[in-house]
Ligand SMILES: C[S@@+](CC[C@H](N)C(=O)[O-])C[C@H]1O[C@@H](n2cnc3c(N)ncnc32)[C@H](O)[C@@H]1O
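For reference, the chain that follows is the form predicted on its own, supplied as C-alpha cells.
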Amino acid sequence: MTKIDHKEARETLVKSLQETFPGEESDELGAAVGHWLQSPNHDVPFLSTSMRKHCCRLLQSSKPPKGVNKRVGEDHEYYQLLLPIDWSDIPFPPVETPKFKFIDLFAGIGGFRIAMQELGGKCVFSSEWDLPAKATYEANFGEVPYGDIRRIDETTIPDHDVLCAGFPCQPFSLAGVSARNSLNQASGFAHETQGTLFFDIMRIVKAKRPQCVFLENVKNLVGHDRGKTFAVIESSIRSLGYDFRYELIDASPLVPQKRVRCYMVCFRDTDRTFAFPKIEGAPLPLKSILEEQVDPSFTISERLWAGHQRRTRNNLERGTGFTAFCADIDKPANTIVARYGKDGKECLIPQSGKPPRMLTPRECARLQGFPEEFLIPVSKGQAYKQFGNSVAIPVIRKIARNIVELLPRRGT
C-alpha cells in the first residue's frame, strides 16, 4: 500500500474539513487532524466522529487491506488499517507498539516527549501556545500541538497513564519575580495568566485521573512567597488522591550545565512508593559539547564585550547586578535561560586574541541533552529562547524510568 506523507495528508484533510464542516471550523483543526493521524484509534479534541469518518474516506485506498470487510467508519481499528502514513522525514516518529500513554502539556519543544517515547510511551495529546516552539515541535515529532490549554475541554483529552508538564516558570523564577516586582506586577498564582495555568493541570487531572503526574519547574518554586505557593500546589494534588514527592536536582552530572530544577512526581495509588533516582558524580565540563568550527558571527562585538566588562566592574563595586565573565570550559556552564540570545552574558566562550563568542544553537541543544538528530528549524534567537526554556532531557529520562517501572503492566 502506498504511504501518504503526513504533512500532505494533514493539509488536505484540514482544507476538506473546512469546506465540508463550516459550522465546526476551529482554530485548532490542524492540531486535531495531526493528533488523529498519529493516534487514529483515539478520539481527539475538536474532531467529531463524523469529521473522522470524512477523513478516512479521503485517505483510504481503493481496496481495503486483505481480510478486512468492514465499511469505513465502523470502528477505530479499521481506521488504522486504512491510514498508511509516512513519518520517515521526522526524527522522532510515533511509537508503534506503546507500553503506556502520556500527554505533553506546556510542551515547549518536546524535551519530555523525547524521554517518554524512548521508554515506550505514546503521546496522545500535546499543548503549547508559542508559535515558533510549535514549529520546532512539529518538525521533530510530526505533530502540531494544540494551543492555549485554557480553551481545551478536559473531558475531550484522551485517557493517559502519565501527565507530563513543565508548567510556566517565569512567575516563580528568581529573575521573573525580580522583574515583576520592579514593574509592580504580580507574581506566582497572583499572575493573571501564566501563574494560574497550574490549575488547568489540576482540572485535567481531576477529569482524566492519570496514574501519575510528572511536573518540572524552577527551584525557586519551593520557597516562593515563603513556601505558600508550593504548599498550594502540594495540597491541590493531594486533595485529588495523589501522593506528592519532589526533589531539587542539579543536572550537571548528566549535562555540562549548572541547572537545578524542582521535579515533582505524584502517583494516584499511594501503595506504589516512588523514589527519585540518585544523580551523582562529577559535573561535566563545558568543553565536552563545544563545536570545533564555529562561524565568526557568534563572536560578540568589541563594543558589547567592553560594555559587559564595564558593567561587571561597576556591579561588583556596588555589590549588586549581573556580572559577565568568560566561561571556564573545564567546568559546567552557568544556567542557560530564555534571554540568552540578547547578549550571551550567561555563557561566553573565551577566544584567543578577540572577544568571546556565544554558544551556537546546537551547543545549547547539547547542554540540555537533546540528541544530535534533533532539528532546529527556527531562527537563532528563537532557538536560544526554546533551549533556555527546555527541560534537561537526561534528568527527565532517569526520573521517567523509575515512573514507568511503577505503571501497571498492560497494553495500550
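Note that residue numbering follows the sequence shown and begins at 1. As the structure is a prediction and not an experimental result, all values here were calculated from the model.
Although not depicted, the form predicted together with the ligand is the subject of the following passage.
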{"item": "Partner-contacting position among Gly166, Pro210, Pro283, Gly142 - heavy atom within 4.5 Å of the ligand in the predicted complex", "value": "Gly166"}
{"item": "Contacting member of Ile90, Leu197, Val265, Ile237, with respect to the ligand in the predicted complex [4.5 Å, heavy atom]", "value": "Leu197"}
{"item": "Which of 42-50, 382-390, 27-35, 351-359 lines the interface with the ligand in the predicted complex (heavy atom within 4.5 Å)", "value": "382-390"}
{"item": "Heavy atom distance at most 4.5 Å to the ligand in the predicted complex, all of Phe106, Gly110 and Trp129", "value": "yes"}
{"item": "Contact flag, Gly147 vs the ligand in the predicted complex, heavy atom cut 4.5 Å", "value": "yes"}
